[in-house]
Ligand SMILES: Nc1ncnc2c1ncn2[C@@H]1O[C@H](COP(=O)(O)OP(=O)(O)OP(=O)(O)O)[C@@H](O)[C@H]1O
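We begin with a single chain expressed as C-alpha cells, specifically the form predicted alone.
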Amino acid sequence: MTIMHAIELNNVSVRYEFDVVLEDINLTVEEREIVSIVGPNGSGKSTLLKTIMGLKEPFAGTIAVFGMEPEKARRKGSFGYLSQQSNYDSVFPVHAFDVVAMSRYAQCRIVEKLSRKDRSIIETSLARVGMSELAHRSFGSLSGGQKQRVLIARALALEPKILILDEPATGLDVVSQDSFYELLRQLRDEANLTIIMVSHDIGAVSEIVDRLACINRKIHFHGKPSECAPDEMIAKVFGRNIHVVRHDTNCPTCRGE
C-alpha cells in the first residue's frame, strides 16, 4: 500500500535565471509533524517554502502535497502562511479582529460581508492563540509576541492543513520565543496541523520540532534533533566558524551530567 505523505519532494532543483539555489532536494513531511528548515542566510530556505506552496516552479523533480500538485493544494486552501515580514502601520486604526478577518474577506466577493460562519472562524482562531480578550485592541499597540499570535490566527482563519512560517520568532525576546514555540506545539495537537517553520537558529528550535532539515542549497541532514549531526555537516551548512548552543533539556550534556 502506498503511503501518502503530507508533503513529498523528490529530486527537486530550483533556479533564478541561471543561478541554481536548490539542488536535488529530497524531503518528506508527515501529517501532524513540526519540521524546521534551518540554514544560514541565502541558503534557499524561503525559496523552498515558495516551491512547496507552488509559488516557484522547479526546473527538475516532483512535488506532492497530500498527493496533489502544489498549485492545486494552494487553491484548495491547504496552506496557511506567515511571511518573514508581516508589517502593519502602528498608527493605522485596525484591530486584532480586523487583521484576522482579512483572511475571510479574501474569500468573499467584493460586495459580500462577513457571514456568521466567518465570524465564528475568526473568533475560534483568536481563541486558539490566546488572543480573544485582545480582539478589539489596536493591532499597533500589541507587543511583538501578541502581534505574532494575531498573525498566526489570521493564517488559521483560512482553515489550512499545513501551517508554513518563515522565521516566525524574529524580533521576539527569549521568553516570547519560548511561549510562541509552545503555542505551535499546542496548535499541532489541537488543530491537527502540519507545521513547517524556517529558522536560522538550529539550537533554539531543536527541542520543539519532530525533525530538522538542514539546508544550504542541498539538504545535508534530515532527521530527529536527537540524532546529533556530525561536525562536518554543520560545517557544510553553517560554515566552520560556528558554535551550536543546544537548548534540548533531554540532552545529558546540556544538563551538566
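These numbers come from a predicted model, not from an experiment. Residue indices: 1-based, along the sequence shown.
One more form of this protein exists, namely the form predicted in complex with the ligand; it is left out here, but the text below deals with it.
This chain is drawn without the ligand; in the model of the complex, the residue among Q186, S115, S141, Q84 with a heavy atom within 4.5 Å of it is Q84. With the partner omitted here, the stretch from 66-74, 205-213, 189-197, 36-44 that lies within 4.5 Å of the ligand by heavy atoms in the model of the complex is 36-44. Proximity of E167 to the ligand in the model of the complex: non-hydrogen atoms within 4.5 Å are present. Proximity of V21 to the ligand in the model of the complex: non-hydrogen atoms within 4.5 Å are present.
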